[in-house]
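Subsequent text provides structure tokens for two forms of one protein chain, presented individually as structure 1 and structure 2.
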Structure 1
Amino acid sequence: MASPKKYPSSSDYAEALQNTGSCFRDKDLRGGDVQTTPLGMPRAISGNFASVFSVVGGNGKRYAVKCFTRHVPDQQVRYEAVSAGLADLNTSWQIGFDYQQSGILVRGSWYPILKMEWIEASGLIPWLERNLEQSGAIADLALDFADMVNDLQDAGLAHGDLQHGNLIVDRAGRLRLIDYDGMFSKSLIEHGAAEMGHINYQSPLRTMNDYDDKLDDFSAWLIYVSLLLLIEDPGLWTEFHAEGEEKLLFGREDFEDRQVLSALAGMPQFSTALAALETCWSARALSFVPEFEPAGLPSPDEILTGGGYDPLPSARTVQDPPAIPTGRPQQVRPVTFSGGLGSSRLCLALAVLGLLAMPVAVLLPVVGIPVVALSLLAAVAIAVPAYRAQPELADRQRAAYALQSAREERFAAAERLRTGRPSPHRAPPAAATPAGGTPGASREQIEIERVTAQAQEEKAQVTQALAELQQTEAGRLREALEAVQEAHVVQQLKPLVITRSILWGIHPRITRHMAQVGIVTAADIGSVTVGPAAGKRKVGLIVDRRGQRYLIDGLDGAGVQALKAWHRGEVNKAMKTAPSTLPPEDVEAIRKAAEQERQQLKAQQAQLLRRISIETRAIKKRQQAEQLRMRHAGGGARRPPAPPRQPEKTARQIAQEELEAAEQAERRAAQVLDSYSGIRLDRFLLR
């Protein structure tokens, strides 16, 4: 084993991973395909003291391989204890992992790796940004989060770093927890804490001496309460979360300066949730932070239905997935090389030359051996780069990734069929098809779409304006600098009187005519060219700095060229002394104005999110009241017979159809990949 003092860097691991056949011991990873950058190097996802690489093993399954860039003395013991602690849970939020003490060979030494299940998922912050309008989806996520924390508590475990970066939502709509490096287990008490956790999610009282099953209480309250607040008012995200911030709604600074919490203090609907955070923050010691027990807060379902309305549509059931063609798959033609024929012919000729020179090498070694060696080396030197430059290689790699994605979608569909969880893309069947509506759309949904359409359009415009504001700010800075430079140039040109300059072809009569129209100094000239006059004669045309155009009688081609060259030369000299940057006060003023616009747009965006949520809930409340009224009315008035309805598919039938479609898509992707079987070096040469 290598010395623990110095671990490889991310680039060292990337270099070793170029040959997975020799750097791995694991049979699944050995010879696998590593995801690469556009330059062909293994792509690393760098984090704290580790780099993660995506590897598709020989079994077709994708893995995340975590390579450590620092030595942790008891790392193996920690992972073994965490693995034992999680073994009996068997929950949906877990990520499978295998710690291998001698997992990867780098420059002659073996180093540990963590082989993990690869999850196609979205980070918590990007997921929230896409689903702010789907309060039902956030409610589902909050329930999953609470269940996950309770699972850890029941097992006597603590994650130690609950934060947005370690919470992901997979393609089946499930919350997943990653990064178990700093977990607490009772068997690890003597080893102590391995890390402090993300500062925005930890109590300021936490130290490296704190290591018990209460590590997650503060961060669990913080995340859970933030989710509850977003269910109640999605506009809070736009108001309190800036792009790129490492937090949800509240971070360490928000608790310290109190501005955010004070802004919410006067809103009674948030009082219970905020009181829970206040209790956590004001605790005298970490042991006084209340144990995470959300029963004292309104549940996500109560927040959704507390106003007498049904839950908002879940983001897990937004729309049907894209239709996948059914029936017999089309045959895919084998792919052949489209270029590089000249290179392959040259390589083949060199190889043949080398082979023909072998008898000469036997008879005349001094001459023959160099000819054979040079011919073969030249063939290899030309063949390999030419082969790697063929676009079909990149297409084959994309086909392999497409097959892997299709295979993962099949795994997810099979899991949904087994567990009965709904597809994250499919909407539940509607209760009826109203007149004038689209099949499968309820009257309630149609009214929601109609009422919120304008707000959605305004929201899209605000979002676009926010995206363009950065470019607008840069344009304003550029225009302001150009104005300052132009003013400097004009100031430098004002003393340069035309009559005092010796210019070829510019006679006193011409300068008098120019003076009559206000052209006296170089500062009065914007541009000089030739313009039409009476008949076919051409005369000089001067455009001043205000854009006014003047035909100067007597100013011919030679005079125009002389005046233009003089003016351009003086402008260039003045520009060399012009300021290259704006004064700091001007920059600050422009940026302050842009920031005010940004805050106004964000406030408008928050108001629109709030309006969409309120209007959606109001419609649901009216529909519920109408249904209740009709039930109470009983048989008072004869209702028209309901139109015949198609039998609704059960969730299992839907899941079965999705699985069949995923299997067909996988077969199609495999067929496409098979069509690249001829893309090999030998086929490239022997054409």
Structure 2
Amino acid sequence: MASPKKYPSSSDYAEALQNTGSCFRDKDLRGGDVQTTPLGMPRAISGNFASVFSVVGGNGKRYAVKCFTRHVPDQQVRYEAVSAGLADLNTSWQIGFDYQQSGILVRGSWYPILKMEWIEASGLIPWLERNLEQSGAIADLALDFADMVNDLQDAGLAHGDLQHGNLIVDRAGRLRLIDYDGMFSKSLIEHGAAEMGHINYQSPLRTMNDYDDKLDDFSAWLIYVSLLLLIEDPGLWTEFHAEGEEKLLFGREDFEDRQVLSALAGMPQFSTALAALETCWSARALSFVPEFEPAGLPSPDEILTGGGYDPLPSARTVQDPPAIPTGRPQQVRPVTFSGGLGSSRLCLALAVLGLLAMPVAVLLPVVGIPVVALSLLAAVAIAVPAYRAQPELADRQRAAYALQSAREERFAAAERLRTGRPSPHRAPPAAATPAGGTPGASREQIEIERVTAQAQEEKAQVTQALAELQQTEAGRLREALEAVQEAHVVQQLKPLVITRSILWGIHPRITRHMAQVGIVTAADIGSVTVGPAAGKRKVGLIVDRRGQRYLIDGLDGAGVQALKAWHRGEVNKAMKTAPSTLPPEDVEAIRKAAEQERQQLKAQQAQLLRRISIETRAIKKRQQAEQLRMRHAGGGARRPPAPPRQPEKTARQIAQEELEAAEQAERRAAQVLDSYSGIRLDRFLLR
């Protein structure tokens, strides 16, 4: 192993990159144009161990140049192995790269670079934040992600650090995987792991000794499940991802304190997904984290079309992994995620049971429930994989997306009509007149706002309390340290008997008087001042450690000065040897106490979040039901006639037209989707 050496820092690289004519060896990069900041300095994107620069080469192509700020043992061998492992894959998520051992010249020495194709892309978090409401796009991304992990699994590779910073979304909305520094390949086993991955995406059981093809399972489940949840309910993002947090919906803390998990726990549509995460988290050894297998969960499309979740959460149990066999744990084959795979089939089966309620009802008196249910279950278990393999299914999924986005467009148009806000695609008409809202819809909106405002206020109070708790915790730590220091000082001052110290102007009569009130050593003195004048004479006032005040007869101004100087000097001397930190067990105790209070507050907070979510959902449901009812009631009723003789269209008219167009589009999309109804699972089963 090469001995560690000091690598250039980011600013060293930024300096070298100002002269691309001499810093690169590669002919494409040599003399290339480095992308700069508004100030005209090379623009860097940095991680903890590297900075990436964007360079347009002489050939007009844009490259990403990764410059390393720390030595990684066997880096070249690693990249060669990864390159070989990826070479045959030819997948859409890969990026091309070329590791150059002597790539860049910095202050007279050559250092490695990774030359990559530059991907015009957005990081996963900013992309999600822009696309939260585009559930279809998130569903596509989730499918991409699952495919990508499967590709890696098939190739016997693992990325090692799947996390938002290494997943980017290109302009075509396709997922791309970057940062192959820590990848696992069988040929690298003897070299061992190069890093441990992002803490928020890794099992706490992972160590530097873990280096195998299972490295990605935990993070893959975590990311995939987060994406599924976001398709189902984009609102989870604002609830569970605080601005600037380095995670999607769940980080390590969220598993540890369980607040987010328990906040979601009551909601049946999340149960399969959460069960998957639970199984990963509670695995007793890393090898028991189930292999990533997306078929175990409702598919993104199923969620998109609203059919993806288990209507009976209580039916779901996560099977405990078998006990760890002693001997060679390496060879233990991971348990498949039974809580997902098995039960999602079960879930579908139950759905089918619902769909077939009629025939069952007819059959019931004859055969009885158990027999029917069992035979159905068996049929489903066999049929589902075959069903999923049908090519028409993909078309149906596309049709489902189309319907979904048409539906979204209609909602948006209805909203525009209601609020009178013009469509973002158009300039507002010159003579826009304010449009009146539909009272029904706005009533629901007001209701939602009222409910959420109230809960938000309560949440704010809890958040405030949490913030204050942090302050209190810091205060408690400070006070505890002060107490320890004070105790030390007292200890030091105790042996310093006043009568045995040479003090100017203090007569034995005075010290006797002091002794009578219990002031014998320097430790007994809190402070010394001149007390209120008794007649013309000034009298010394001693405050002892407990805050008792004593006027000392005969202690005059000079005496006060002497005593005070002596006392202060001794205190300062003692402070010099006082501990500057708290003993760890004290810190621990204070932290524990505060932690307990924090847990209570967080539990409250989680409850509130849950309440907000449940209540808004209920209101929305009511709202949708109402709309549906009105549409049915309105049946073939004519649309309100367009106001005659108005040459300029009003904003309201435009919105009205848009709504109609959107409604039509939705109907068309629904028809298309309907034409695929022939391949619904129930029919497939009965075929």
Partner chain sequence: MPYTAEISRANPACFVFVVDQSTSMEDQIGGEFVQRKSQVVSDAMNRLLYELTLKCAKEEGVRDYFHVAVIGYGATVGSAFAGPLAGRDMVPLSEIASSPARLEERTKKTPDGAGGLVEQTVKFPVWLDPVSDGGTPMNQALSKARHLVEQWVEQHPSSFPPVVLHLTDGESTDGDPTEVTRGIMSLLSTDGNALLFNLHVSGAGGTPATFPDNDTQLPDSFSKMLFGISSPLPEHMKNYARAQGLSTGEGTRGFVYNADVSSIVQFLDIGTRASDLR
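In this text, rigid core is short for the largest set of C-alphas that superpose within 1.5 Å between two forms. Since the structure is predicted, the reported quantities are computational estimates derived from the model, not experimental observations. For numbering, take structure 1's sequence and count from 1.
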Properly assigned, the form predicted together with the partner chain goes with structure 2
Q: Note yes or no: does the Cα of A487 move by 2 Å or more between structures 1 and 2 after the core is superposed?
A: yes
inquiry  = If I superpose the two forms on their rigid core, does the C-alpha of T37 end up displaced by 2 Å or more between structures 1 and 2?
reply    = yes
| request: Spell out whether the Cα of K186 moves at least 2 Å between structures 1 and 2 when the two forms are superposed on their rigid core. | output: no
After superposing on the rigid core, the Cα of R591 moves between structures 1 and 2 by an amount in angstrom of 22.2
